[in-house]
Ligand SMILES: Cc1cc2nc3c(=O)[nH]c(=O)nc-3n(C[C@H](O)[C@H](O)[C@H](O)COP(=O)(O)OP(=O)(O)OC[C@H]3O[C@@H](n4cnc5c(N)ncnc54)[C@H](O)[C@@H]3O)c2cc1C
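In the form predicted alone, a lone chain appears below as structure tokens.
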């Protein structure tokens, strides 16, 4: 209520606000006493939980009808965590002990739903944020959202946490002849399983972890997949020397320089997987860890796809020049027939489309301008979580820092409110002087 009174006091003599409200009478206004979090994926849930632990209430807005909508609605069935579960835990609550080392998709969703229940996180679903802007006159953020019924709500808050993440929108590349192809062209966000492609010739565009796994899934369902490899790529075994490759890398980095660790990883990988360049998968000049640190490009952790490429069950193709009627012409001049194309071309941030702010976030890619680990905090109570290009480990780091920072402000303001209230109570009334 203190927050609402403060806003109302400022608004009472603010002609700009009065004009805005007159032109948007159909919008209802809600004052949020604590932070407003946009996004109910792992990043939003982690931040809300860390805030809850510190006694700071928050409101979470989610455009979909469930938590972790990317995992629940836009991932293929065979998906499982690529890293061991201990590296994918959210703050304050681990995975169940009976979960496997690499939990499957449904187990991860179950974990996130249990996490939300544990910390009493109840997002406001089906609320799509259309605009968020800082009102310097009021000193608050004004966040507009639209529900499925078309009704608008404006939230007014002192702190705004952007938790929409790196995977908000599917990247759909433009290719010459897309309208001419005539077959099924879809993004991996619409791919569930290979059953419907049984016996068909399918071209998978993109050789990241998703592209590799979709190819493997297609093979397992007796489809005939080909893989477009447009760039260099590091493919590492998921496990080496009896440990997870990621866990081993993290342990080695405690003792050795990153370039030395990269060399060791590549030597062991060569012994286990052979020379990947011979099957059309050239490696980048930089090592996998150094490349990840500089560009955020994640190495592929092989779970069986490479064996199918070596056996010829998966064919490696160069970049696409153009699409034709049920066919694809490649840059090397060859043309091959395909029944379907699956775009494993990744995702992107959608922050510039709704956040009216140019200092913290880049308009070009929707990421914080300041590199990790300093991209989590902006000006005027603006925060970002889940934009580190370091997976759930980076998310957990961001969430803890944000909660600690907001807690300091929360306690400071509470102390001032208490002191102000105490001073009012201690003032002698006009009756007592008579």
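Residue numbers count along the first chain shown, from 1. Being a predicted model, the structure only gives us computed values, none of them experimental.
What comes next is about the form predicted together with the named molecule, which is not displayed.
Only one segment in the set 80-88, 236-244, 320-328, 281-289 has any non-hydrogen atom within 4.5 angstroms of the named molecule in the predicted complex, and it is 80-88. Taking 107, 220, 101, 128 one by one, only a single residue has any non-hydrogen atom within 4.5 Å of the named molecule in the predicted complex, and it is 128. Residue in contact with the named molecule in the predicted complex (any heavy atom within 4.5 Å), chosen from 134, 181, 119, 354: 354. Put simply, residue 70 is close to the named molecule in the predicted complex: some heavy atom of it is within 4.5 Å. Among residues of the shown chain, residue 34 is not one whose heavy atoms approach the named molecule to within 4.5 Å in the predicted complex. The closest non-hydrogen atom of residue 249 lies beyond 4.5 Å of the named molecule in the predicted complex. The named molecule in the predicted complex is approached by residue 40, whose closest heavy atom lies within 4.5 angstroms of it.
Shown without its partner, the chain has 347, 350, 354 in segment 338-363 as residues with a non-hydrogen atom within 4.5 angstroms of the named molecule in the predicted complex.
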